[in-house]
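Just one chain is shown here, as structure tokens, and it is the form predicted on its own.
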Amino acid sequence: MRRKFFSLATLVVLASLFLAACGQAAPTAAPTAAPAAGSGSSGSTALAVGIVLPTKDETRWTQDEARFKDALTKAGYQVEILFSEKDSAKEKANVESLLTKGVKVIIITPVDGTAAAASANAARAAGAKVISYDRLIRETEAVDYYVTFDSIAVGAQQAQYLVDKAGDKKGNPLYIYAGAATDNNAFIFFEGAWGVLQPKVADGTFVIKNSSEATALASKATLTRDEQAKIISQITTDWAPATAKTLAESNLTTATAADKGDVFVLAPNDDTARAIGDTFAADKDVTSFVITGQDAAPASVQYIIDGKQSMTVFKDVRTLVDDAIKAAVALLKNEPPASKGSYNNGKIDVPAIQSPVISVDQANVKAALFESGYYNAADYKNVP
């Protein structure tokens, strides 16, 4: 027994020396592996996070992609960002792909708030937490948190700008447009705008020219979701500039010269505002127009400086991205993220945090967007 033990021990020692010598003789770089959850180059908890954004066709989402990548990379975290190409089926496939990679928190901006319930349910079944980002996922209990801007305030600020510019004059032609009918935010933005515009439609300050449904409901201060849906179905741009342009052209074609002149336009976001504004500017019977926007998209910032777009609602994506990252870290630690109220998604009250928004036009564009460091003034012409 003693000799056998000595021989075995000797073999173990010799094998160890041989392996060590081989390692010294032929050094190779260690394979690069993704840091596991709980580790990171910064020493902090690595984000086991996947992000699914709705499209690359809108300026807003490419801005968010860049902000997420920048913030997470600087913090030493990993993230995978996928786009759904405005397709709910693609969105679900993206979520399932991330789940196969062991992602523990998924941040989703849904293409269709209700259809996205299937993606949230799949994530919940796999043990992942779900953060609904900017747009609310509806009709499911599988949403852990909602990170958003104050969407009611967005619509209210757009509408208030139009009201302020109209002043005491009565009979102002008003053209209203909305986002996608599948997007819960489009309803919230419109709700905020309607709350400010409706009294001014009722008292004759504005006359709606492109929605028979809105005209029929002009006496109602508060609309049901079904009533909102009827209006939005007539004025939806689907968040697509080409669709917005076609709709605006159709509206102006059917309108009489008396329905034009000095007009006011509720446009839902910057990309559609530029398309709608260019269309109104090309109509010989439109003397002037005041038009709203949202997102402070780079091209629209130049439009505002040049006087081709009246305003935008600035939503600081840096703040929203930071809120989403903080929420993801908390969920990874099985802690509740900080919340300020909640949003009902048709099934549950989803804990939420809202970031503030501000109205920006020529008067404050320099302070709000350039002096704040959000954009570089050198990238624009004729900054005031």
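The structure displayed is predicted, hence computed values, not measured ones. Position 1 is the first residue in the sequence shown; the rest follow in order.
Keep in mind that the form predicted together with a small molecule is not shown, yet the notes after this line are about it.
Exercise: residue 269 in contact with the small molecule in the model of the complex, heavy atom 4.5 Å: Because a heavy atom of residue 269 falls inside 4.5 Å of the small molecule in the model of the complex, the answer is yes.
Residue 185, heavy atom within 4.5 angstroms of the small molecule in the model of the complex: Yes, residue 185 sits close enough to the small molecule in the model of the complex that at least one of its heavy atoms falls within 4.5 Å.
Contact test in the model of the complex: residue 135 vs the small molecule, heavy atoms, 4.5 Å: Looking in the model of the complex, residue contacts with the small molecule include residue 135, since a heavy atom lies within 4.5 Å.
Is the gap between residue 323 and the small molecule in the model of the complex 4.5 Å or less for some heavy atom pair? No.
Here the chain is shown alone; which of 175, 239, 194, 303 has a heavy atom within 4.5 Å of the small molecule in the model of the complex? Selected option: 239.
Counting non-hydrogen atoms within 4.5 angstroms of the small molecule in the model of the complex, say which of 112, 91, 295, 144 makes the cut. Spelling it out, the residue with a heavy atom inside the cut-off is 295.
Residues in which of 287 to 295, 161 to 169, 195 to 203, 247 to 255 have heavy atoms within 4.5 Å of the small molecule in the model of the complex? Contact-bearing stretch, as computed: 287 to 295.
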